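Presented as structure tokens, the chain that follows is alone, the form predicted on its own.
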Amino acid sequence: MSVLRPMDKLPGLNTATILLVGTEDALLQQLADSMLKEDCASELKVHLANSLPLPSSVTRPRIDLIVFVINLHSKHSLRNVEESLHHVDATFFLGKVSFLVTGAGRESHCSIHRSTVVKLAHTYRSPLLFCDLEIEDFRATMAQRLVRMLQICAGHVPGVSALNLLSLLRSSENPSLEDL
């Protein structure tokens, strides 16, 4: 079993790399395109994967941030993310992993309850973001946020680390696990 580790590759000079993991290929590609349109002082690299582990034969740069995308309309999406999490080293969860949930706008069509993904994020102590990626304006706003998070996780923002970011995002969450 191949485990993805945050420091298994050397960082590229002024390069920030994000890995988007999810089953919704079209939405991931649209989000990646929106991210690449953003103004960024670093060279931005976006990699897409349906699931982990990544093929070991492919040369790839160091991954600075992993975003697991869960579609609330697909149980397969949640299962895929849960299985992929087993291929991520624990040190990645020190601020370099985030969960992005899409499809919450049409709750009547949801196959997965919101509390399920809230518990998943809480279990892995990782930020949980909600965004309807099918709406272009929302997708553009999320792209801006992810680019900023990526710059921090890559170490390109002086005085702020991935752990600082994690601490800030965790303290802004409303519900505690006991409230669910």
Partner chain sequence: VNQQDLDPDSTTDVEDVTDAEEELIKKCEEMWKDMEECQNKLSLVGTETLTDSNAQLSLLIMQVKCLTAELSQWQKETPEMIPLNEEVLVTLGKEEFQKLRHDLELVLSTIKSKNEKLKEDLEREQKWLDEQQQILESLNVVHSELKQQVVTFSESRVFNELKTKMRDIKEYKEKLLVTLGEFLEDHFPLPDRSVKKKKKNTQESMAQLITLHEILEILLNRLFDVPHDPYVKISDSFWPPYIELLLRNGIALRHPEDPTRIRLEAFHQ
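These numbers come from a predicted model, not from an experiment. Numbering follows the first chain given and starts at 1.
The same protein also exists as the form predicted together with the partner chain; that form is not shown, yet it is the one meant from here on.
Engineer: Wondering, does R60 line up within 4.5 Å of the partner chain in the predicted bound form on heavy atoms?
Structural biologist: Flag for R60 set to no.
Engineer: Is there a heavy atom of T123 no more than 4.5 Å from a heavy atom of the partner chain in the predicted bound form?
Structural biologist: T123: contacts the partner chain in the predicted bound form.
Engineer: Would L168 count as touching the partner chain in the predicted bound form under a 4.5 Å heavy atom rule?
Structural biologist: Judged by the heavy-atom cut-off of 4.5 Å, L168 is well away from the partner chain in the predicted bound form.
Engineer: Taking the partner chain as it sits in the predicted bound form, is V88 in contact with it (heavy atom to heavy atom, 4.5 Å or less)?
Structural biologist: V88: yes, in contact with the partner chain in the predicted bound form.
Engineer: Listed by sequence position, which residues of 138-166 have a non-hydrogen atom within 4.5 angstroms of the partner chain in the predicted bound form?
Structural biologist: Going through 138-166 in order - heavy atoms within 4.5 Å of the partner chain in the predicted bound form - the hits are G159, S161, L163, N164, L166.
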